[in-house]
Ligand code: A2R
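Below you'll find only one chain, the form predicted on its own, shown as structure tokens.
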Amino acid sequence: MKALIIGAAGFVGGYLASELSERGYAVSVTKLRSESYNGIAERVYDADITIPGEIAGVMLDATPDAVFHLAAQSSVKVSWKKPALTVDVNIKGTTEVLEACREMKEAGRPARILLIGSAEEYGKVRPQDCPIKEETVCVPANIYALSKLTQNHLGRLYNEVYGLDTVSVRAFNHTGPGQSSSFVLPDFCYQVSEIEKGRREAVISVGNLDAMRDFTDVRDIVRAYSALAEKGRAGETYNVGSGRALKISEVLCAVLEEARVPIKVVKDPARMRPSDVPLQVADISKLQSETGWSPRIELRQTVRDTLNAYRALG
């Protein structure tokens, strides 16, 4: 079996390539020409999904059995500043991927396509409507979320009209070693590592600690993706998360318990943003019942591994 990961240079790509390789796939990946990729791969292609026909050429050469579409403009903040870029990458780019898969199917080389979306698609879900089911009406609250919901609809449309073997994912918060410190858990770990190295005062700056989110280790996330590639139903959407909500304060406590020095917590007004969504947690019963997948890695292990990764940096 051959797998193609589109957009493998991001946080998830290397983990997914390792997981697929362990499952026996021959893995090829794409990246932008400006990016580097150091993970597992038999072939590394330079490809931009916003350039018409470019990903189709990669598909013809790689002839994958399974395609994992990770390429995206994935920042909510950037989506407000650069809406056209977000549309180009997440909507037009996805259309290029789906068209390439359609051409492959017509040439007698059909592939399963896993389209990676986001829990942001659901928008402002009320706490009483949690855990969030796949049938929950999506009311996206930002341009990124709207673009990902459009990707979801495109996947279903291409399944219904052209018979493409599409499976869509709505991934909730995932984290782990190697993630940017612009995300909450790596941010806490980065600050602690800098304190331990004597590079800053023994004070950790935090924002809103009351919001509750569904956190999953990236290594569990990629197991779910590979399970869906093998067992998911065509045309369907699946939540991927832990199914458990944690307060940001619980995440902070887990990080501080791993710290090697006493650290004071200070709330930073610049980091304080009122939470429009106080609670967000996934109903993962559909994923579990159809694939047998369950998360394995506890928060404590994720924290320890992420903190150690920052400690190892110079």
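All of these numbers come straight from a predicted model, not from anything done at the bench. Numbering starts at 1 and runs along the sequence shown.
The form predicted in complex with the named molecule exists for this protein as well; it is not shown, and the discussion that follows is about that form.
Heavy atoms within 4.5 Å of the named molecule in the model of the complex are found in one stretch of 6-14, 300-308, 287-295, 21-29, which is 6-14. With the partner omitted here, the residue from I116, V184, A224, L164 that has a non-hydrogen atom within 4.5 angstroms of the named molecule in the model of the complex is I116. None of M59, A41, A47, A245 but one reaches within 4.5 angstroms of the named molecule in the model of the complex through a heavy atom, and that residue is A47. Relative to the named molecule in the model of the complex, residues A71, V89 and Y144 are all within 4.5 Å by at least one heavy atom. Proximity of H174 to the named molecule in the model of the complex falls within the 4.5 Å heavy atom cutoff. Using a 4.5 angstroms threshold between heavy atoms, E257 stays clear of the named molecule in the model of the complex. Looking at E250, you'd find every heavy atom of it more than 4.5 angstroms from the named molecule in the model of the complex. At least one heavy atom of E35 is located within 4.5 Å of the named molecule in the model of the complex.
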